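One chain follows as structure tokens, the form predicted on its own.
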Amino acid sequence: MAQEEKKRSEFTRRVIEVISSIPFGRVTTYGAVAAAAGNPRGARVVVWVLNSSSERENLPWHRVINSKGGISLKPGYGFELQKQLLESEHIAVSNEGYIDLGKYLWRSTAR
């Protein structure tokens, strides 16, 4: 196990596991990832994990959205890329960046 992995908290490891398991063509929310990883109030940590580990862990970061069903990134700061990646998975995204949670929401069964 790499030194960096040893430093990770158990919660961080579970967050990575949950994000890694989001299926193609589905989305989930920061809060749902946190809850599935064992801390329902840990949505900000999920954001931090996505920011710091998405590339290194090859996480499907684009499948994580806010609780209102929207892309949280601002135009010019990743919004367009996330929208493009979601649409490439046949997820309908409005011009404003909203996704129909009734149709595309995925909930982890991990705990």
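We number the residues from 1 along the sequence you see. Nothing here was measured: the structure is a model prediction, and the numbers come from that model.
The form predicted together with the DNA exists for this protein as well; it is not shown, and the discussion that follows is about that form.
S.K.: Can we say 30, 43 and 48 each have a non-hydrogen atom within 4.5 Å of the DNA in the predicted bound form?
M.R.: Heavy-atom distance to the DNA in the predicted bound form: all three under 4.5 Å.
S.K.: Heavy atom to heavy atom, is residue 11 within 4.5 Å of the DNA in the predicted bound form?
M.R.: Looking in the predicted bound form, residue contacts with the DNA include residue 11, since a heavy atom lies within 4.5 Å.
S.K.: Any chance residue 84 has a heavy atom within 4.5 Å of the DNA in the predicted bound form?
M.R.: The answer is no: residue 84 has no heavy atom within 4.5 Å of the DNA.
S.K.: Would you classify residue 67 as touching the DNA in the predicted bound form, given a 4.5 Å non-hydrogen atom cut-off?
M.R.: Heavy-atom contact with the DNA at 4.5 Å: present for residue 67.
S.K.: Pull the contact list for 69 to 105: residues with a heavy atom within 4.5 Å of the DNA in the predicted bound form, in sequence order.
M.R.: Contacting residues: 72, 73.
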